[in-house]
Every structure is written in structure tokens, then in C-alpha cells.
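Two versions of one and the same chain are coming, encoded as C-alpha cells; call them structure 1 and structure 2.
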Structure 1
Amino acid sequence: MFWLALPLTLLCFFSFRKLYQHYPLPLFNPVLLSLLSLITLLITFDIPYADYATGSAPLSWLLEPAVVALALPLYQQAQQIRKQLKPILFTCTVGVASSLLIVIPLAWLLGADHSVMASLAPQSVTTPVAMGITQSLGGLPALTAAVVIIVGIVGAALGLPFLKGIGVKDEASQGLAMGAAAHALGTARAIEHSEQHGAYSSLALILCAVLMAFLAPLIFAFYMLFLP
């Protein structure tokens, strides 16, 4: 599997991407279908994930320059963004606070313990930041990573159709929503849609990660004073 991991991953993604280009339905999202296909393959043939991860490591190495590349659309829209920075910052703050204020008590109502609540709290920001926050709160980083990926895939697949369906037509607003709710995967989808979508989504991704690192410990500690 070591030698097949990389070409198989690329084959799955580009095949499903071509399918998505012909049939742009949310459920045909190439990341979602590639993930499900690879999981099915690993389970069916009893292939250790460690072997697959080692073989596909070059793709993981490309994540760092890919994240840096998100700065390009942000730079191209810098002048327009600068004029709207205050409402953008307010919007991202409300988005992060709302996420925490809803997710933590909802998890408690469903019977989650302290570690699970801590793991779910930062589910709307990019994986490395979310895992670091979870660890500081006493949660389970592995659970956080899984939840963040699921949130990102769902957001990337359904985010833009949902926003258009509820009447959000402004590209900047759509981009901010995608970056705030679906982090890097949502931003990747936003960039495919338009340059402006990508710029605002990249900005929301960055701001929400910083705000989550600041607000999550405060709001989580507040809830822990009252939740048994």
C-alpha cells in the first residue's frame, strides 16, 4: 500500500473532481467522495492507516505551502478588505462566540463529558489550531481532528448552496461565512468559486482561528462553573 497510497489518492480526487465538474451537486464533492472511497478501501483490505499515511506523506507536506498560498487572494483584495475591517472583525467574533455558546451546552445536553465537550468546542476552525485548543482544555485532539474534518467537508459541500438558498447573495458575505464555518476546506471551495470569495474566506479562516484561541478557554471555563 505504501507505493500505491499517493497515486491512488490522486486518482480518487481528480476522478471525483471531474465528476463534480460535470454534475456540480453538493453530495458529489470530490473531497467527501475521495475520503469515503479511501476509508472503504482501507477497511475492506484491512490496510493499516499508518502505511497509507506514510505513502501519502508528500500530500501532507504540501499543506504548509498551500496554507501560505491562501494569502495571495487576500493580498489582491487587501484595499477593499481594509475599508471593511471593523464589521469583518465583529462578524468573525460573533461567529466564533456563537459556535462556542451553542456547541458546548448542546454537547452537555446530549450527555457528553468534560473531555468530549472540550474536544467539540473548537470544531469550526482549522485542524492544527483546533487540536491545540482542545489539548489546552483537556480534550481529545484525535476526536477534534475528526470532527473538524467532517465540519469542513459538510461546509465545503453544502455551504454555498445553503447561503444562496437563504438569500445571501453578496460574495464577501458568502466568503466570510465559508471561512468562519468550514475553515480550510470551505476556503478551498470558496477559492474555486471566485477570487473575492477566496479572499474573504481566507481572512475569516485566519481571524476565527485567532479569536477561537482567545475565546474558547474563557467561554469553556465559564460553562464549567455551572455545568456539572
Structure 2
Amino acid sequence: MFWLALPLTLLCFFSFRKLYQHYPLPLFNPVLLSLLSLITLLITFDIPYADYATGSAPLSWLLEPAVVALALPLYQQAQQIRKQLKPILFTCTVGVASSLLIVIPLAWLLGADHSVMASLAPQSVTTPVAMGITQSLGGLPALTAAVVIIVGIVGAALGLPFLKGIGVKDEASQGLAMGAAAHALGTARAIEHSEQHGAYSSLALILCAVLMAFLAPLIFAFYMLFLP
């Protein structure tokens, strides 16, 4: 299995990506389908996860460089939307803080333990960043990865009709909300809708990730003072 892990992962991802390009339904999300198939495969053939993880490690090594590469779209977007940078920064800060303030106590009320709360806290930001934050909070990066992907799928699928339904009519606000709540998958959906949507959404995606890295440890530590 060791030497098959990488080619199998690539095969899954690129075939499901093809499928998604032909039928862009939210449920055909390539990451979701790849995860489901690979997990099924591992269970069916009774392969230990550690073997698969060793074989597919080169992909995981590239996660951190990919986060660094986000500097490029951040720089390009910041140039374009310079005038609105302050209100955007303010809005993203409010968004990230409210996500943390809501998600942590809600999970606690419903019986989540410490590691699950730490895994859920950064759920609204892009996967590689969220996993890094989870790790520093003492959570489970794999659980975070799954949660973040589901958040992205839900947000991308229902985000725009939801926003219109609650009276957010402005294109820039819609784009920002998609990026802030549903990270890369929301952004991908926003780009399909329009260029302007995409620009705001990817700016929110990156700013929220940075803000989350700062705010999550603070708010998490604050809650841990009160929640047993």
C-alpha cells in the first residue's frame, strides 16, 4: 500500500475533479469524494492509516508552502481594493471573532470535549491554516480538516441564496461573506458567480485566516478559564 498511496490519491482527486467540472454540484466536491473513496478503500482492505499517511506524505509537505503562496493573491487583491482595506479588515475581524465566540460555547453546550472544541474553533478558515491552529490549541487536525471541508461545501452550496434571502444584496458584501464563512470552497463558488465576487471572497479568505491565527488562541484560552 505504501507505494500506492500517492498515485491512488492523485487518481481519485483528478478523476473526481473531472467529474466536478462536468457536473458542478456541491456534493460532487472532489475533496469530499476523494476522502470518502480513500477511507472506504482503507477500511475494505484493512490498511492501517499510518501506511497510507507515509506513502502520501509528499502532498502533506506541500501544505505549508501552499499557505505561504497565498501571499501572492493577497498582494494582488490588496492593490485592487486599497480604498476599502480598512472596512474590510474591520468586517473580517468581527466575522472571525463572532465565529469563535459562537462555535466554542455552542460545542461545549452540546457536550464536546476539549479536543473537539479545539478542532472546531478555526472551522471557518482555509484547511491548512485551520489545521495549524488546531494543532497549536491541542485539537485533532484530521477532524478539523473534515469539518472545514464540510463547512466549505455547505457554505458554497447554500451561501448565495441564503445571503440574498436575508437581504445582503451588495456584491462586495456577498463575496466577503462567502470567503469569511466558507473559505476556499466559498471563494471558488464566488469566482464562478463573478470576478468582483471572487476578488472580495479571496481577500476575506486570506485576511480571516491570518486573523484567526491571532484570535483563536486568545479566545480559546479565555473560554477555557470558564468552561470546565
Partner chain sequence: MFSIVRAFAIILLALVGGKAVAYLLPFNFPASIIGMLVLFIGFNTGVVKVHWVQPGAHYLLKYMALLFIPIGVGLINYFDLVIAQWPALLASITFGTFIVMAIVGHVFQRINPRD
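All residue numbers here follow the sequence of structure 1, with the first residue given the number 1. Keep in mind that this is a model prediction, so the values were computed, not measured. Definition used throughout: the rigid core is the maximal C-alpha set that superposes within 1.5 Å between two forms.
Visitor: Eyeball the pair and call it: which is the form predicted on its own?
Guide: If we ask which form is the one predicted on its own, the answer is structure 1.
Visitor: Would Pro73 and Leu109 land in one rigid part between structures 1 and 2?
Guide: Two-body split between structures 1 and 2; Pro73 and Leu109 on opposite sides.
Visitor: Going from one form to the other, how many degrees does the smaller rigid part rotate between structures 1 and 2?
Guide: The rotation of the smaller rigid part against the larger one between structures 1 and 2 is 20 degrees.
Visitor: Supposing the core is put in the same place in both forms, how far has the CA of Phe14 shifted between structures 1 and 2, in Å?
Guide: Here Phe14 registers a C-alpha shift of 10.9 Å.
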